[in-house]
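What follows are structure tokens for two forms of the same protein chain, given separately as structure 1 and structure 2.
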Structure 1
Amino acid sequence: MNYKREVIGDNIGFSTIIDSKFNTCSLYVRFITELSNETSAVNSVACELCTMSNSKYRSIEELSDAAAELYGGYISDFSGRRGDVQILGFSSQWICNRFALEGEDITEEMLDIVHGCILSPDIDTKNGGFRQNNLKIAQNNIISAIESRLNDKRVYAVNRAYEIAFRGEPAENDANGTIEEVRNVTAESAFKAYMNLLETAQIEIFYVAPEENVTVAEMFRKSFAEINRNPREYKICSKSPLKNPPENVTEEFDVNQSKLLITLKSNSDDYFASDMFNIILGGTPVSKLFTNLREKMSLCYYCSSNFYAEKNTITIESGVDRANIEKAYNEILHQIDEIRNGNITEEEIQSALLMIDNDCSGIGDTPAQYFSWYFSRFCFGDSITPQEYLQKISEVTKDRIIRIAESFRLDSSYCMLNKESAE
């Protein structure tokens, strides 16, 4: 594998990852911008509109047919929240030319489509914005995505826990904004927002392919040179202030299973120890939470923890009977105390390291894994390799795990309670 990153414009990085085992070419473009009520919805709508048509393929049907002719090549949009910023962009993938059955230059034609979508959008000359009929479809898609969050109770509960934990910070906002904000987007405002993204966002582009193709970076370099760039610096990671006293929010729903979420926050900068603490606490099927709450106490089907490094928080989640909520809550806190008290075995530390080693060694088996690793490292402000990461985490001692566990304090909890059991 060969990885290199070059700067192709003002605050625009272009990373090339060449690995001969792949039979596809993949392109990922990411815009980093502010996460706010005012801009999230319109940015999401704008990026979705870019994938529906471009200045050459001027309808959803034309663009879709052109990509299908290229053996199902695709371009999709992305909108997500990462710490205190909104990450937007596009992902595209197509099979390499050597698999073309009719001698097509798939790469050249797909690059033409992708470049058109990103840098030569389809503009309605009447209003100077995106096409009105496409706007309605994009709004419908994003409103549905917001509404459907309640369909998955686990996802809904995690989102509620984040809203509570990060209240007052950019991170409390949803990456798609609110339904009302999406409804307020116009074809003109979406186009204006997209132009603003091209001018002000930090931009990272990744090309993952079996062989070098210098024309890709050049294509983007040339196009971005024509844009009057005025990029802003965005801070992705920030520590979230601890609530004192902790805030507990309870909501009742007509569901069968109750959900319990607990958020912990730390002020420490020991990122590697935090990662280890999280894995030992609830990151694996031999973690303290899984072993005790599920296997020993038979309280739940799942109980796990997740380290949200961008906000220096750990969120624990479980699905339990309402009657067992208190029991589960107390046991989770007890297991955290166990680690604080040094009740960590050498086996637990070794198994966490082996799991990380296994994960790190496997990065690179898919283009998406390569992209995910290097983009994450960019967001964290470094460019360490998976092997360097493994080395650093191997240096975490038991004492550091105990200290970090002590530094993580209870911030908030969210309970989705089963209504029927209350009666």
Structure 2
Amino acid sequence: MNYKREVIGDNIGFSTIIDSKFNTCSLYVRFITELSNETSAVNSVACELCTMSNSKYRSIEELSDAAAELYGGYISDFSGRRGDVQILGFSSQWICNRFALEGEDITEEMLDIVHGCILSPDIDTKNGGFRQNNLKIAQNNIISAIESRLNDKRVYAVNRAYEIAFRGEPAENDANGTIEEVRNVTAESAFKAYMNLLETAQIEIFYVAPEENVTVAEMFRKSFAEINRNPREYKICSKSPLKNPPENVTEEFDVNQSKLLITLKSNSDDYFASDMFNIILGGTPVSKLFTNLREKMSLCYYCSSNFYAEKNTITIESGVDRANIEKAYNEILHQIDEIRNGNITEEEIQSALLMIDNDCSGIGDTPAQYFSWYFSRFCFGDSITPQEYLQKISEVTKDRIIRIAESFRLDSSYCMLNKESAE
């Protein structure tokens, strides 16, 4: 595997990841912009609209048929939250030329479609915006995604925990905005938002393929050179200030199972020790939370932790009966203290390393995994390989894990209570 990144424009990066074992080519284009209630919804709708048609293929049917005819090629949109920014963009995949049955230049044809969607969108010249007939479809797609998160109470609880933990910071906002904000987007406002992204967003492009193709980078270099760019700098990672005293929020819902989420924050820069602490605490089937709260004490249905490195936070998530919430809460804090007090076994450390080794070994199985890894590394400001990451993790000592555990302090908690269990 060969990875390299070059700058092809004003705050525009182009990365190539070449691995000869693949039989497909993949392209990922990501816009990095502010995360706010004012822009999240309209940005998401705009990117959705760009994958529905372009100036050459003027309808959803024409565009999807053109891509599908290229041995099942496709283009899709993306909208997500990462730290304090909104990440939007496009993903596309197609079969590489050497597998074309009649020697077609699949890459050129697919790049023509993708390029048109990104840099030559389908515009209604009468209203100066996207076509009205596609707008309602895009809005409904995004509203369905928002509703699915609201209806999945486990996902809803995690989002509420983030809202509470990051209140007053960009990270508290949803990447798609609210349903009302999505409904208020017009064809004109969506087009204006997309033009603003092309002008101001930081742009990262990743090309994952079995062999080099310099024409891909050159195509984007020339196209973006024609845009009057005025890019802004966006800080993806930032430490979240600790609440003092911790904030506790409780809500009641008609659910079968209560949810308890606890957020910890740290000012430490020891990222690798933080990752080890999180995995030992709640990242494996032999972690302290799973072994003690679920297996030994039967206090919860599930209990795990997640290290949100962009905000230097750890969120502990559990599903519990209402009667066991206080016991589970206290035991979670007790297990954190156990690590702070040095009660860490060699088995726990080795299990954490084995999990990381397994995860790192799987990176590269698919183009998407390669992209995910190196885009994440870009967000963290480095380009270390999975092997280098594993080496740094293996150098984390027990003392470093103890020190990092001491640095993580209780910030907030969110409890979703089960109404049916109320007395």
Partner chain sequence: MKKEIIKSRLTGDNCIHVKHSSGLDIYIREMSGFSNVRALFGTKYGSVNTMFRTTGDTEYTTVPEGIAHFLEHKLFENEECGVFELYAKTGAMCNAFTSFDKTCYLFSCSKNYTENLKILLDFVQNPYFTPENVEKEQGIIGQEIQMTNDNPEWRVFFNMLNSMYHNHPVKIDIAGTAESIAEIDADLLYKCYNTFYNLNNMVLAIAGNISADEVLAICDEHLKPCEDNGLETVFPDEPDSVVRHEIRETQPIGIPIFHLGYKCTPVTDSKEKVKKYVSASITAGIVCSESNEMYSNLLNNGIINSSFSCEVFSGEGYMAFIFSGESSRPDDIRTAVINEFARILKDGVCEKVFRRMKKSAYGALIRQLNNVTAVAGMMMNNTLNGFGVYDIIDTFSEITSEDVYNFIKSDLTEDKLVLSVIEKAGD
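Quick caveat, the model's predicted, so the values are computed rather than measured. FYI, numbering is relative to structure 1, first residue = 1. Each form is matched to the other, and the largest set of C-alpha atoms that superpose within 1.5 Å is called the rigid core.
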Do you think the form predicted alone is shown as structure 1, or as structure 2? 2
Answer yes if the Cα of I344 shifts by 2 angstroms or more between the two structures on a rigid-core superposition, and no otherwise. no
Determine, after fitting the two forms on their core, whether A193 shows a C-alpha shift of 2 Å or more between the two structures. no
Taking the rigid core as the frame, does I118 move its C-alpha by 2 Å or more between the two structures? no
In Å, the rigid core superposition gives a C-alpha shift for C300 between the two structures of 2.5
